[in-house]
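Single chain ahead, by itself, as structure tokens, in the form predicted on its own.
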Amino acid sequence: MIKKTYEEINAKIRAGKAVVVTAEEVISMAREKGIEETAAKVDVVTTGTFGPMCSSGAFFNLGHTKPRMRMSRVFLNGVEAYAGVAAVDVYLGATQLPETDPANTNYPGEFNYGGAHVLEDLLAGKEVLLEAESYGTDCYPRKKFEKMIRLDDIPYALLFNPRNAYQNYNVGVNLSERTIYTYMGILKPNMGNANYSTAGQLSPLLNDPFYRTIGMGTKIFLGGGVGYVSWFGTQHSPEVLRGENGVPLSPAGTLAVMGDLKQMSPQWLRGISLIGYGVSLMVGVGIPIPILDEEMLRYTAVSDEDIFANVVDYSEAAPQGTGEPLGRVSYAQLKSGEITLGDRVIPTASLSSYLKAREIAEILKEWIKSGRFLLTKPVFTLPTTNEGINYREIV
């Protein structure tokens, strides 16, 4: 029986002797050499995903003005940041829109600019307009402030995303007679297309389905820099039907993640406009999976043929994909460009980028092989049951 520890793997990384492969590469290795031999050889498997992750944003400390000001309303390029934190602490949500944005009038067909684009602009070194208002107090007398600022001008910038890297997700279709505009993209009437948004065999939580190595304190690739898993994410709901090798057949685990925004890159944090819906942030996440034993190797050897997702109607009859699944398809089928439901052949498209997911896994692999990136053992791993989470729909 093969057993390795974090300490042993890190010692090999420091010595430049660790064997690190991506979640794509390990599949063929396991098929050719078998699970036991591959587990003995490989120390770390790297994963990656790059797709829209709405539950994202950043905490900023904007620095004190002269005279001082307790900022009660804050806008960055016209996008409001939540200021109910402290005098000059704010949280900018990725999906926040200006009050004048077309999405607020439910008018599809226009480009939306929101919090995600402000984050991308800051990372690109661009100036953004800071506008702040206050009611004025004895200790914070200033009532108005306006200035063009760059990320370098902001003393503190922490990316903090409450829900990222969903473990599997639905495939969205539309059974209605009209085109609908959703967070799953534009869905044509009468099942004219099917959209999905998961990296499949490269996706982090699909390579560790029971979260044996992922939890609070896990060091990760985040937005082009180094980040950490800070908690289980909102809507974390691991008690779902699972298929072969523990792979969930519907949305399950999620991650809350954090990291220094100033280390990151606009290449890996990008604002996108979802026409008729609003905005979201494309987030690059990569997680190293230590091969502690044969079981972990078996999990990481999962392929697109082994991962299945539910096809769900997103029309008014079942808003936001809450209805019963219409069927189940593999990621190999989805990535082929079409799926078959009954007698219907439906073209598919991905909202996430598999090419970028592969690039993230490669970057993380090189970081580890070069000794720049050591593994961290989590303080605790993610919950594998719903006990104490009580996630449910509001009724």
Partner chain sequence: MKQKIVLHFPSMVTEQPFTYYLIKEYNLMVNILKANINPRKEGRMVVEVSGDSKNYQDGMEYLQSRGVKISPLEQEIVWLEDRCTQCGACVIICPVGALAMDRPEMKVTFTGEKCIVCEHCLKSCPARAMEVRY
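Positions refer to the first chain, counted from 1. It should be emphasised that the depicted structure is a prediction, and the values quoted were computed from it without experimental measurement.
This protein has a second form, the form predicted in complex with the partner chain, left out of what is shown; the following refers to that one.
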The partner chain contact at Asp306 in the model of the complex, heavy atom, 4.5 Å: no
4.5 angstroms heavy atom contact with the partner chain in the model of the complex for Ser28: no
4.5 Å heavy atom contact, Phe232 and the partner chain in the model of the complex: no
is_contact(Tyr211, the partner chain) in the model of the complex, heavy atom dist at most 4.5 Å: no
Contact test, all of Ile186, Met282 and Ser336, partner the partner chain in the model of the complex, heavy atom 4.5 Å: yes
Option touching the partner chain, based on a heavy atom within 4.5 Å in the model of the complex, out of Ser330, Ser350, Thr65, Ser55: Ser350
Candidate from Met258, Ala87, Ile272, Leu97 lying within 4.5 Å of the partner chain in the model of the complex - any heavy atom: Ile272
Stretch from 193-201, 147-155, 71-79, 89-97 whose residues place a heavy atom within 4.5 Å of the partner chain in the model of the complex: 193-201
Residues within 4.5 Å of the partner chain in the model of the complex, restricted to 35-74 and counted by heavy atom: Phe50
